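Before any questions on how it binds or moves, here is one chain, the form predicted alone, in structure tokens.
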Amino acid sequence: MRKSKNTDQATTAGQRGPAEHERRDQIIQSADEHFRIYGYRKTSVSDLGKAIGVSNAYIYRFFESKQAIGEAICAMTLGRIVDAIQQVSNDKTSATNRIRNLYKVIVEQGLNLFFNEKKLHDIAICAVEEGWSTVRDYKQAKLDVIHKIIADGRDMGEFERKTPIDEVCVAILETLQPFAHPILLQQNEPEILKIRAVAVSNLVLRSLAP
């Protein structure tokens, strides 16, 4: 979620009114439950209003559109993945081990979203296809995690220091795409993805060796 100088107003894309408002949270929670059952694409603002028990106009007091509600839910969903990978980056293990765990966690979280939270996975696909701000924020969060691990690895002498660190981080981010992209996740079996993630992480680590 992006912050602005005016912290009293909602700053997430498409949201209106006070940043902290119980009713907005209730709408998001109800919409989340509705999307899990019926899917994002098949649900209209009118459907949400009927399910929540409020008028469309009331929903529009807090959100500019259905997409704005979807973005709020997508931000929560991707936020759980961000929390998981940030935990990896903050582990007290070696940077080498953290790189391996990063690929492992990204795969596990992605597969959980696709297979156990199918309707939420549909929101993630919409977010990618339509270029939602939540996707850009998620990409930046992954890049920040990678940067921290690589910087730590260089400081500890685990990784080479000749290649510009920004170049290294962007390259690693690209290698994570098959395991993090909601559309690409559909194209392989879970066990195959896990095996490939290990293979790619090993290749990346060989390229980072001093």
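Quick note: we count residues from 1 along the sequence shown, nothing fancier. The shown structure was predicted, so the numbers you read here are calculated from the model rather than taken from an experiment.
Below, we refer to the form predicted in complex with a further copy of the same chain, which is not included among the displayed structures.
Among heavy atoms of Gln67, none comes within 4.5 Å of a further copy of the same chain in the predicted complex. Mapping the unseen interface onto this chain, Met76 falls outside it, with no heavy atom inside 4.5 Å of a further copy of the same chain in the predicted complex. The shortest heavy atom separation between Lys139 and a further copy of the same chain in the predicted complex is within 4.5 Å.
By the criterion of a heavy atom within 4.5 Å, Asp152 is excluded from the residues contacting a further copy of the same chain in the predicted complex. The single contact residue among Ile183, Ala57, Met156, Ile37, judged by any heavy atom lying within 4.5 Å of a further copy of the same chain in the predicted complex, is Ile183. With respect to a further copy of the same chain in the predicted complex, the three residues Val45, Arg61 and Phe63 uniformly fall beyond 4.5 angstroms at the level of their nearest heavy atom. Shown here without a further copy of the same chain, the chain has Glu160, Thr163, Glu167, Val168, Val170, Ala171, Ile172, Glu174, Thr175, Gln177, Pro178, Phe179, His181, Ile183, Leu184, Gln187, Asn188, Arg196 in 157-196 lying with a heavy atom within 4.5 Å of that partner in the predicted complex.
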